[in-house]
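Only one chain is included here, represented as structure tokens and corresponding to the form predicted on its own.
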Amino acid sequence: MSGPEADWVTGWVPEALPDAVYRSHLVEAAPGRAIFRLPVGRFLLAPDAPAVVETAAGASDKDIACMLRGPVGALRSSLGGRFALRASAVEVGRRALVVCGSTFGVSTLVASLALRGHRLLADGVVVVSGTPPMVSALPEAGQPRVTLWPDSAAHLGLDLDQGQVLRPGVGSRLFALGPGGTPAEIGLGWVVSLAVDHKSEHPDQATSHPFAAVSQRVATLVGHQWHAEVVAALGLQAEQFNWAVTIGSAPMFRLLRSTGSIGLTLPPLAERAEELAV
């Protein structure tokens, strides 16, 4: 059986990999394959092949698709030599604007940009591959949608009931926003790292600063990489570091928002992001 929105099939998955070079309570990985153990089931992953999923009792197709859209899919991309970034992206002027950051608001900002007419490319996991670097969503994700919690949807003026349930028992919703017809991949244009300006007392303002040093760019990108420990154990660290250097060669900025409500900061943040993407 195949998932309705994802590249996976049901089947038997071993509990462990005898030749694993990385082991944790969630992941076991060997060169070219990995097992991801989650409450919804076990996932057997290999590059460029459907994930094999042994589903747990009571797990739904939406549960499985949710994991493939996030950490499980990110690991499969890393096994295939691609760079999986904890980030979201939209298309601006036929190039990708990638937004990452450890602060709350990345998905909300990208959703705001989509509502301003920019095509949504990916949310949660941005995959970078190719020469020159190209940006895409996970193969399992299908039509890109953005995941929003109720307060973020309210800030954007969206009706929560119009969003699709992410998975049973979870309050967030999936929204298809902005222009449709998303391309499979698009050239990398800019990278924005969203952060909080603790000194700012003006929620109606947003500031930005370019990353001057290459080391700062690379450190920021590596810090937002999915599954860095697994990548290192598999001997892919040098390859992934080179990806970070390549991605960091694009125009890269730190975008700062105030400590107040993301809803108050959204308009200036979106405007500043558009100004940077020129």
Partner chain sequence: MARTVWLASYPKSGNTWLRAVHEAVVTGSEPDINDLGHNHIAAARWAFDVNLGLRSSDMTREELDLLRPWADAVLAERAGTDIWRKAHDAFSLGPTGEPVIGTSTARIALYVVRDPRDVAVSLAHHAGQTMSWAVRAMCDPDWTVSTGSQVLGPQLPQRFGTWSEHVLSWTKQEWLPVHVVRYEDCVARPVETFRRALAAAGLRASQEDVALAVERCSWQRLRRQEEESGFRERTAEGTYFFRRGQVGAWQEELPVPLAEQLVEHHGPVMAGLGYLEPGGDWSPATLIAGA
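Model, not experiment: these values are computed from the prediction. Numbering follows the first chain given and starts at 1.
Not on display, but discussed next: the form predicted in complex with its partner chain.
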Requested in this report: Mark R95 yes when one of its heavy atoms lies within 4.5 Å of a heavy atom of its partner chain in the model of the complex, and no otherwise.
Outcome: no
Query raised in the report: So in the model of the complex, does R167 come within 4.5 Å of its partner chain, heavy atom to heavy atom?
Result: yes
Query - Contact label in the model of the complex: W243 to its partner chain, heavy atom within 4.5 Å - result: no
Query raised in the report: Might P179 be said to contact its partner chain in the model of the complex, defining contact as any heavy atom within 4.5 Å?
Result: no
Query raised in the report: Are all three of F36, P71 and G101 close to its partner chain in the model of the complex, meaning a heavy atom of each within 4.5 Å?
Result: yes
Requested in this report: Work out which of the listed stretches, 220-228, 234-242, 46-54, 207-215, brings a heavy atom within 4.5 angstroms of its partner chain in the model of the complex.
Outcome: 220-228
Report summary line: Partner-free chain; cross-checking its partner chain in the model of the complex, the single residue of G187, G81, P150, G130 with a heavy atom within 4.5 Å is P150
Report task. For the stretch 13-46, return the residues whose heavy atoms include at least one within 4.5 Å of its partner chain in the model of the complex, in the order they occur. Result -> Y22, H25, L26, F36, L38, P39, V40
